[in-house]
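Listed next as structure tokens is one chain, alone, in the form predicted on its own.
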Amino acid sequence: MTEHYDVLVVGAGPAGLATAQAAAGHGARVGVIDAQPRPGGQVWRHDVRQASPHAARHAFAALARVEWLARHSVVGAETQVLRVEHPDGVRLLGYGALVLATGARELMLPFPGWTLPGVSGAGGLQALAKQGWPVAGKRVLVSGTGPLLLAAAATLRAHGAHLLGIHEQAPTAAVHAFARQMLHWPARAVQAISLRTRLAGVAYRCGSFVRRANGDDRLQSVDIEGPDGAQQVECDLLATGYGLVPNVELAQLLGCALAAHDTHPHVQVDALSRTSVAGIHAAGELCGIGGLAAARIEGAIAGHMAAGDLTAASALLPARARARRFAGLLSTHFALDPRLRTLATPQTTICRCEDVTLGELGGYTDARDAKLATRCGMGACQGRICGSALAELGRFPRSGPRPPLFPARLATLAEASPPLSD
């Protein structure tokens, strides 16, 4: 039996929570689904040691007015119905309007040793620390690009990690130019100053990146390339991240058009959050990486539109435009150094799920052909890590998604299959 919602929201990060609050304010029956046990997404993920920010607590409280469906994963979609797996089985959720707020994931660029135990995404290690994974006393080096490195480093330090340094691949001139632009964004400048204060004494090196991770059965050291040449640093953990990639798989499955000019496409929406498919809206990072402020504003716009209030949605357009202008600064000043795309050797593992090296992918220009021949992208992550990395390396774009979008139980797949004829 299908359960029906006036507005169904996929994703309980800042964008999804803002959507739910806005739509519920119009009296709509709103359902919010998320694969995690708690709301908040990555930005507002529950921290076992620290209280959530005030804005997060306010957003969580607003869930009392909607139906919060935790540990629910979308495995397939039909006409105005999502097939969702949860701990007790499968549900069919129908909707009048659907809002996608599926967020983004980290971009990992391959280099020799990047699959060693002890190497993880910067946001990934931040999430683990928040959930209680022990980092206290561990020597941690943070590398990659963008302000998110500061947020990850601050969390790790708060959980007792010994930070060896933050290595930002963008050159000093670009970072300083970005800092000068922050004068036009006082709230974000205050946030940046607060993070740097919490990281007092931790070296922040520009024009610097990890070339190789070294170790036998675990990480022992990293080779770093910087303005003054190469150096080797012993460490226990490496947290590295080169920005974010929009999670567009569900949108693709539903037929929503994507922006085709980007290496990592995002969902095309108009200013009022409408996708190319009638009745489906999108908000936040899957519409292009924009940060917390943009996600919350776009979520509110989507919620008002999904509930049919064009006036309330339109009133937020100036704030949305301003938030998106700031996002443009990030892509300009933290553009990736071309050398990062040349670090992987033919022996470097690209698909860690299926143990496929870069050399084994030589000669393939199509993701589907490479998958059929090597199984690259057929593992548990369904190509989310290796596919994004290969697209960034200029090898080939990711192929389109096929259900199930995430690993699912056999019982779920059996229930979704048509009955066999006699």
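Each residue number is its position in the shown sequence, starting from 1. Keep in mind it's a predicted model, so treat the numbers as computed, not measured.
Below, we refer to the form predicted in complex with a small molecule, which is not included among the displayed structures.
S.K.: Which among 352 to 360, 367 to 375, 31 to 39, 392 to 400 is in contact with the small molecule in the predicted complex, heavy atoms within 4.5 angstroms?
M.R.: Result of the contact check: 31 to 39.
S.K.: Counting non-hydrogen atoms within 4.5 angstroms of the small molecule in the predicted complex, say which of Leu219, Ala313, Leu156, Ala104 makes the cut.
M.R.: Result of the distance check: Ala104.
S.K.: Check each of Ala174, Met182, Ala151, Leu116 and return the one that places a heavy atom within 4.5 angstroms of the small molecule in the predicted complex.
M.R.: In short, Ala151.
S.K.: Tell me, yes or no, whether Ala62 is in contact with the small molecule in the predicted complex, where a contact means a heavy atom of each within 4.5 Å.
M.R.: Taking the distances in the predicted complex, the answer for Ala62 is no, it never comes within 4.5 Å of the small molecule.
S.K.: Does Ala23 reach the small molecule in the predicted complex if we count a contact as any heavy atom within 4.5 Å?
M.R.: Because no heavy atom of Ala23 falls inside 4.5 Å of the small molecule in the predicted complex, the answer is no.
S.K.: Considering only heavy atoms, tell me if Gln252 and the small molecule come within 4.5 Å of each other in the predicted complex.
M.R.: Because no heavy atom of Gln252 falls inside 4.5 Å of the small molecule in the predicted complex, the answer is no.
S.K.: Report yes if any heavy atom of Ser73 sits within 4.5 Å of a heavy atom of the small molecule in the predicted complex; otherwise report no.
M.R.: It does: once the small molecule is placed as it appears in the predicted complex, Ser73 has a heavy atom within 4.5 Å of it.
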